[in-house]
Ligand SMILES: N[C@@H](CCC(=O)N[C@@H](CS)C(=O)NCC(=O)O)C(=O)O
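Here you get one chain, nothing else, as structure tokens; it is the form predicted on its own.
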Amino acid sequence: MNPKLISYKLCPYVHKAAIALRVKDIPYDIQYINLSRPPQWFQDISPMGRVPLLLVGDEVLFESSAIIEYLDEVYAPRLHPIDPVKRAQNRAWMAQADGCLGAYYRLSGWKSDASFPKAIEKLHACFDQLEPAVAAAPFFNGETFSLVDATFGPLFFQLNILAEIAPEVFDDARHPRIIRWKKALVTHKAVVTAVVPDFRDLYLDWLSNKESVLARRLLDAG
């Protein structure tokens, strides 16, 4: 029986789990739910009321980092580094992704044009911490795709769409390693195919419904 991923179409944490499944070529099933009106069966099995869930037989796995760690232990090829020190460092940077996602979400809902540069700076401050740790190319550790790449792929994928109306979310001069890394991730087959085909339209529709600087830019762009 294939593992089954319970998903919300725009969730970056679900995207992360789906990337790991696809990089490892694991056959899986997927079911989408509406998080604003979650079905009772989901509420019954989700301890935190969040996606993703991964159903493995009769067992329920939750929290995206736990899910991808499970996948890496059970299915080849291993995406974590073999060296235990490097592996611990990778896990630490995976945890740091939540801070960057938080800065991104605050940015997406920012209402003041005057203070919008401050929201951009908070995102860039996260990238300042990350920049020195990124390998020269193409992925976080160099040539081999890792769980760090699966973790940051969804953030860069959404930011890359956002950059169409807010190009300042990326700074090529300030974060050249991150820019090269981002370009490798947003074109990677596993990252691209791990979302629904109409993801961009759904994302922009979600963004347009916010009372935010970016929603106004999107409206102005037509």
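A residue's number is simply how far along the shown sequence it sits, counting from 1. Please read all numbers here as calculations on a predicted model, not as lab measurements.
Form predicted together with the ligand: not shown, discussed below.
Asks: Is F199 close enough to the ligand in the predicted bound form to count, meaning some heavy atom within 4.5 Å?
Replies: No, F199 is distant from the partner.
Asks: Give a yes or no for Y13: in the predicted bound form, does one of its heavy atoms lie within 4.5 Å of a heavy atom belonging to the ligand?
Replies: Flag for Y13 set to yes.
Asks: Does at least one non-hydrogen atom of E63 fall within 4.5 angstroms of the ligand in the predicted bound form?
Replies: Residue-level check for E63: yes, a contact with the ligand.
Asks: Using a 4.5 angstroms cut-off on non-hydrogen atoms, would R50 count as touching the ligand in the predicted bound form?
Replies: R50 belongs to the contact set for the ligand.
Asks: Looking at A163, L35, V56, I26, which is the one with a non-hydrogen atom within 4.5 Å of the ligand in the predicted bound form?
Replies: Partner contact (heavy atom, 4.5 Å) among the options: L35.
Asks: Using a 4.5 Å heavy atom cut-off, which of 177-185, 42-50, 149-157, 191-199 contacts the ligand in the predicted bound form?
Replies: Heavy-atom contact with the partner occurs in 42-50.
Asks: Out of 186-219, which residues reach within 4.5 Å of the ligand in the predicted bound form, heavy atoms considered?
Replies: The stretch 186-219, when checked against the ligand in the predicted bound form, contributes no residue at the 4.5 Å heavy-atom cut-off.
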